[in-house]
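One chain follows as structure tokens, the form predicted on its own.
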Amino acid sequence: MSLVLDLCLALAVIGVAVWTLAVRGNFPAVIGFVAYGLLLALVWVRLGAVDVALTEAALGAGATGVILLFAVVRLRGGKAEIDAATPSGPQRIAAGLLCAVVGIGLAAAVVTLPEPAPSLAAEAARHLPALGVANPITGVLMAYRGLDTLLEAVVLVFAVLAIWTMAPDRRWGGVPGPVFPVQSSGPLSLLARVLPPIGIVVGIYVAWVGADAPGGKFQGGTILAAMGILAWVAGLWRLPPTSARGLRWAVVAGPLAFIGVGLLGFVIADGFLAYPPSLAKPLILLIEGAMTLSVAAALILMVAGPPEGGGRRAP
């Protein structure tokens, strides 16, 4: 039964991927991309990688899908811009061949792995008690591969800055994205009033429980961002201007906390991003909490786009 389920899932992933590439129209292609991400999340669940499944569902399908949908809406009527950015036939063929070669190489590497496959999982699990966390994924991301995670956090800040730089000079410091009218009735109005209180609690819980169970800052931050975007689209919450200090601190709080704890390692441990056993879990939770805030703020701002209202006056 499980083999049949896995085969059906694999065929569904391949089928949705082919349909997404072949379909005409940007909107159905984005819908296909979201469905593809959700199917991949199910694949990760079948492989026992629940943390990766949550991240794929939250970031790969959810956040990226919303960003792409906003891009599609904003590009309506912009046929010239779309045509200019659309790759030519030879470029598509070259990209397809390159993807096929990479895919075949990865598949060959997976099927030719020795039994048992080389792994550091046992070694990582053996040292988890020194970190005070029970979730091996959190241990790997925050300790063994902490520098990689730090770089991912910094990338979020640069992504927000890159989006802001696309605003005209007169809008610099203004309110990001469009201002939506207040929805007083309808499904959007109802969902925007009912879901955020529940979603905020769930997001904080998912971020908090990540130290000992599947979850963490990226998944929790994405849920919080989704609640903020819902309230914003329904007109119940207006985004602060990009000149607001609180907004800017929210974006950089996670990376700054990460770097600060890393430098503290030179004083209280063996080096950068090293944790003394007695303070390991509190320091990891400090970084996780700050990163949850930054992930949520960065995702909201990436969806909103560059400033469109207010800003400084043109000289």
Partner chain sequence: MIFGLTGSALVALGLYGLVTQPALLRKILAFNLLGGGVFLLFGVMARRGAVVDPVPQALVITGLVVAFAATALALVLVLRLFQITGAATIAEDEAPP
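Numbering follows the first chain given and starts at 1. This structure is a prediction, so every number in the text was calculated from the model and none was measured. In this text, rigid core is short for the largest set of C-alphas that superpose within 1.5 Å between two forms.
Keep in mind the form predicted together with its partner chain is missing from the figure; the text below concerns it.
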Handout entry: Heavy atom of Leu47 within 4.5 Å of its partner chain in the predicted bound form
Key = yes
Problem - Close approach of Pro87 to its partner chain in the predicted bound form, 4.5 Å, heavy atom - result: yes
Exercise for the section: Consider Ser119 of the chain shown here, and say whether it contacts its partner chain in the predicted bound form, taking contact as heavy atoms within 4.5 Å. Expected result: yes
Practice task
Would you check, heavy atoms only and a 4.5 Å threshold, whether Tyr275 touches its partner chain in the predicted bound form?
Solution key: no
Handout entry: Among the candidates Leu38, Leu256, Leu285, Ile67, the residue which, in the predicted bound form, approaches its partner chain to within 4.5 Å (heavy atoms)
Key = Ile67
Problem - Leu279, Ala29, Leu247, Ile268 - the one with a heavy atom within 4.5 Å of its partner chain in the predicted bound form - result: Ala29
Handout entry: Check all three, Val201, Val209 and Ala290, heavy atom within 4.5 Å of its partner chain in the predicted bound form
Key = no
Exercise for the section: From the candidate stretches 156 to 164, 231 to 239, 193 to 201, 179 to 187, select the single one in contact with its partner chain in the predicted bound form, where contact means a heavy atom within 4.5 Å. Expected result: 156 to 164
Handout entry: Partner contacts in the predicted bound form for 49 to 74 (non-hydrogen atom within 4.5 angstroms of its partner chain)
Key = Ala49, Asp51, Val52, Thr55, Glu56, Leu59, Ala63, Thr64, Ile67, Leu68, Ala71, Val72, Arg74
Problem - Core superposition between the shown form and the other one, C-alpha change of Gly103 at least 2 Å - result: yes
